[in-house]
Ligand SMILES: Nc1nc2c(c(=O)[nH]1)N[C@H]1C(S)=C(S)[C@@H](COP(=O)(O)O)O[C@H]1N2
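Before any questions on how it binds or moves, here is one chain, the form predicted on its own, in structure tokens.
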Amino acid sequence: MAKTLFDKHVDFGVRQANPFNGGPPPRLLGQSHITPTDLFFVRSHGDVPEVDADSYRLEVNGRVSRHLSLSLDEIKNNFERVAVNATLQCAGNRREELMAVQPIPHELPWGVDAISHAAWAGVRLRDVLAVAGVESEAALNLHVEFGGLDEVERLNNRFRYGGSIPLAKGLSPEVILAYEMNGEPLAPAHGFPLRTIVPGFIGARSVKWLERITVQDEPSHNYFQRKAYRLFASNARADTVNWDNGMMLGEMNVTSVICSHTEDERVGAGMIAVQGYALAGGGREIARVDVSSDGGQTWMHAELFNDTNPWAWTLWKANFELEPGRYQLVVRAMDTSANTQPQDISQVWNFKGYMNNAWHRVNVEAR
């Protein structure tokens, strides 16, 4: 099969060539729990770095009793290999819908494609930190920062990408340093030779091309922690905002999306299958998915296809009998903490276009 840039699927949608960003077409999302690597979405802020695996070192420093400098072979040979199946989602997923409410300049217009699910393998972060002398008692007020090898330029400054998570999350067994994806070594666009996987958190915290781990007193001071990935009230604007007032993004919120149909699609009258994905962040699971064919006036429960993994998306399906006419398909989900999605997209609009989890709506015509 023909491939595109970075060996992606011929149907992979490139939203930006430099830096490379893109995702799979919705009709191919969720056809199986595992997203093939050539369809897995890519979110990059700078050029994909070229890394020599033989000379690669991972530095572990900061509030540790023993600084580490580990080669890739040492990471693979000295720590237990573990596998974690996890869904990653960009905080900007579904930004296009927010852009239709009000303009959001200087941000990528993601559709529903900035999400994918993979089988990751590597070593537990907590195992590496244990060798560095970090104990669980330290997790109460510390943070762990990840530094990448990718260089970016913002505000006339050039620096490397970075971000952090609370150490308490970092010591959880699902957080790993991954060197495999879907049974193969990481591809360059996905963080070769090593990346973090932080299930349940926004994708920005799963730092690629990992160079450095630092245990520290505060969250990362990197631009992408302190400014870029923050959530602001709907009345805030880029030219007047107080950046310190924004909420640092961490756990994902509950969301659901229709993948089987696109806006203004024409379908054959009769029985149609509406399909998509749902995701609950923070280790919660999807409890229910409701689907409507009349704009949310009446609902039916969708059939759920879940592998009972709290870090995985849930795939769902609902069948409707449609007479000729126009219909608005709508989906909403509820997680195991009874969190649900807001009905009105204006409730979640923000000038960065993050965390859109309003009811997902798709208008179709049956003929």
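Numbers follow the displayed sequence, beginning with 1. Just so it is clear, the model here is predicted, and its values are computed rather than measured.
Keep in mind that the form predicted in complex with the ligand is not shown, yet the notes after this line are about it.
Trainee: Hey, in the model of the complex, is residue 332 touching the ligand, heavy atoms inside 4.5 Å?
Mentor: No.
Trainee: Within a 4.5 Å heavy atom cut-off, is residue 189 in contact with the ligand in the model of the complex?
Mentor: Residue-level check for residue 189: yes, a contact with the ligand.
Trainee: Tell me, yes or no, whether residue 40 is in contact with the ligand in the model of the complex, where a contact means a heavy atom of each within 4.5 Å.
Mentor: Close contact exists here: in the model of the complex, residue 40 approaches the ligand to within 4.5 Å, heavy atoms only.
Trainee: Is residue 290 part of the interface with the ligand in the model of the complex - any heavy atom within 4.5 Å?
Mentor: The answer is no: residue 290 has no heavy atom within 4.5 Å of the ligand.
Trainee: Would you mind picking out the stretch of 24-32, 309-317, 294-302, 44-52 that comes within 4.5 angstroms of the ligand in the model of the complex, counting non-hydrogen atoms?
Mentor: Result of the contact check: 44-52.
Trainee: Can you pick out, from 256, 206, 164, 275, the residue that has a heavy atom within 4.5 Å of the ligand in the model of the complex?
Mentor: The residue from 256, 206, 164, 275 that makes the contact is 206.
Trainee: For the heavy atom contacts within 4.5 Å of the ligand in the model of the complex, list the residues of 87-119 involved, in sequence order.
Mentor: 88, 90 sit within 4.5 Å of the partner.
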